[in-house]
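As structure tokens, one chain now follows by itself in the form predicted alone.
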């Protein structure tokens, strides 16, 4: 099993959610986060001059999938989240050792 963490623009949540749903992935956790990458924030003009917003609001999506389905999920996220501009985000993929469904006690792939 794999855990996919994707950092995306806030406005791309609905297209990504729909793309994952169409690809057969229903389970998804969304967290509001802030951060910065190569763009190093955004310069803004204010009455007294220019200032820089260092950390931009983003969303972190987390999901667990079977190894065989990982690339399908990643492709769906990339296609739906990409705008072609700096700040589109990143995807991290990690191995998952074990999953336990709390309600039933199911483990492994049955719990996904």
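Residue numbers count along the first chain shown, from 1. Computed from a prediction, not measured in an experiment: that's the story for all the values here.
Form predicted together with a further copy of the same chain: not shown, discussed below.
Any of the heavy atoms of residue 82 lying within 4.5 Å of a further copy of the same chain in the model of the complex? Residue 82: yes, in contact with a further copy of the same chain in the model of the complex.
Residue 44: heavy atom within 4.5 Å of a further copy of the same chain in the model of the complex? Although a further copy of the same chain is absent here, residue 44 would stay clear of it in the model of the complex, with no heavy atoms inside 4.5 Å.
Is residue 89 part of the interface with a further copy of the same chain in the model of the complex - any heavy atom within 4.5 Å? Yes, residue 89 sits close enough to a further copy of the same chain in the model of the complex that at least one of its heavy atoms falls within 4.5 Å.
Taking heavy atoms only, is residue 23 within 4.5 angstroms of a further copy of the same chain in the model of the complex? No, residue 23 stays farther than 4.5 Å from a further copy of the same chain in the model of the complex.
Which residues from 91-112 come close to a further copy of the same chain in the model of the complex, meaning a heavy atom within 4.5 Å? 91, 92, 93, 94, 95, 96, 97, 98, 99, 100, 101, 102, 103, 104, 105, 111, 112, in sequence order.
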